[in-house]
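Coming up is one lone chain in structure tokens, specifically the form predicted alone.
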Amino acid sequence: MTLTDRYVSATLRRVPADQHPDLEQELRASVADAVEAKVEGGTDPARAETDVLNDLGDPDRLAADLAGRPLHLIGPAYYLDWLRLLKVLLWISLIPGAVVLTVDLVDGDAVGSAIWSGIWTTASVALQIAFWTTLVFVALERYGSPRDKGDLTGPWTVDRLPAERPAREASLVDTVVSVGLLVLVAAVLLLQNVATYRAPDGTAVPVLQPDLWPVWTGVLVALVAIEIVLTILVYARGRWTVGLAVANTVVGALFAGAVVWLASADRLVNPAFLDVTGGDSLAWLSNGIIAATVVIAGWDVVSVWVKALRVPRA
């Protein structure tokens, strides 16, 4: 892939798909003409291509111009810097949310309350980050020195083009979300002895059977840990393979089988939890857990096999 190919690719990713053919043809022709002119003037072809692309500037900015999409919120001078920095900083908001969730669980708060506190903290921190970051850029634009053609981090050159990467079906966002949910499941299982439901009189009542600790809890957490490893391996490989699908099927079947057996034997949910929450029958809850487990496990296995057997795009 040439520098021009990478530049065109980086530009078109910000342009609506229906405009790709015309814009790509126009952009390539423009670059070719400019390179040819420089070569005829005695410039080395490789140097000429680099100079032409450097003159065109940031492909994201060019894409906005080609698509007729003005960069408004902050103003065109700082918009791209603001957007890139904000995307990076917003990931930080997950850290305090996870800390609050963990602390609440360790302190013995109800699981639902702890999850809500973690989500609320993450949202609050994200809002603060977005507000203050935006305010700083607004101040820069209003009161900073007039900006020349270069970016805040220096003039754009072809060295900042994104590296060529193979197409991947497993995105980073999907992987982070999946691992986060699995870690939450493991935390709920491990913290049953300290993070329990609180009855109206303040009495601590575990949601799951206390007898599950340590053998069954250890088995379930180990299976969740294997699922986490599989999720990370899928991201590293870029897609599900047949071998990973087989491993996922085995782990999913073992986890679902354990949950279904424990629920059918009334060994999963603590009867005392139903007593304090007003539940009058363990059977309906066990049947619901069994049905949900079978459906979720079946959907997971089938969807993974579909992804594994799907022919990768060239």
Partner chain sequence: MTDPEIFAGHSQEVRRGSVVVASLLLLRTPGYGYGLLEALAAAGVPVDANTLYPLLRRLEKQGLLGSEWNTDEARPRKFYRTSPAGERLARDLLDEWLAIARSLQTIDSPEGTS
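Just so we're on the same page, rigid core means the largest C-alpha set that superposes within 1.5 Å between forms. On a predicted model such as this, the values are computed, not experimentally measured, just so you know. Numbering follows the first chain given and starts at 1.
Note that the form predicted in complex with the partner chain isn't included here; everything after this is about it.
**Q** Only one of 268, 48, 66, 251 has a non-hydrogen atom within 4.5 angstroms of the partner chain in the predicted complex; which is it?
**A** Looking at 268, 48, 66, 251 one by one, just 66 meets the 4.5 Å heavy-atom criterion.
**Q** Which one, 246, 258, 34, 276, lies within 4.5 Å of the partner chain in the predicted complex by heavy atoms?
**A** Exactly one listed residue reaches within 4.5 Å, namely 34.
**Q** Taking any heavy atom pair closer than or equal to 4.5 Å as contact, tell me whether residue 44 reaches the partner chain in the predicted complex.
**A** Contact with the partner chain, no.
**Q** Give a yes or no for residue 287: in the predicted complex, does one of its heavy atoms lie within 4.5 Å of a heavy atom belonging to the partner chain?
**A** Outside the cut-off, so no.
**Q** Whether residue 29 contacts the partner chain in the predicted complex should be assessed with a 4.5 Å heavy atom distance threshold; does it?
**A** Close contact exists here: in the predicted complex, residue 29 approaches the partner chain to within 4.5 Å, heavy atoms only.
**Q** Applying a 4.5 Å heavy atom distance criterion, does residue 62 contact the partner chain in the predicted complex?
**A** Heavy-atom contact with the partner chain at 4.5 Å: present for residue 62.
**Q** Along 118-136, which positions have a non-hydrogen atom within 4.5 Å of the partner chain in the predicted complex?
**A** Counting only heavy atoms within 4.5 Å of the partner chain in the predicted complex, no residue of 118-136 makes contact.
**Q** Taking 2 Å as the cut-off, check whether the CA of residue 19 shifts that much or more between this form and the one not shown after a rigid core fit.
**A** After core superposition, the displacement of the residue 19 C-alpha between this form and the one not shown reaches the 2 Å mark, so yes.
**Q** After fitting the rigid core, is the C-alpha of residue 28 off by 2 Å or more between this form and the one not shown?
**A** Yes; that C-alpha moves by at least 2 Å between this form and the one not shown.
**Q** Align both forms on the core first, then report whether residue 62 has a C-alpha shift of 2 Å or more between this form and the one not shown.
**A** Yes, the C-alpha moves 2 Å or more.
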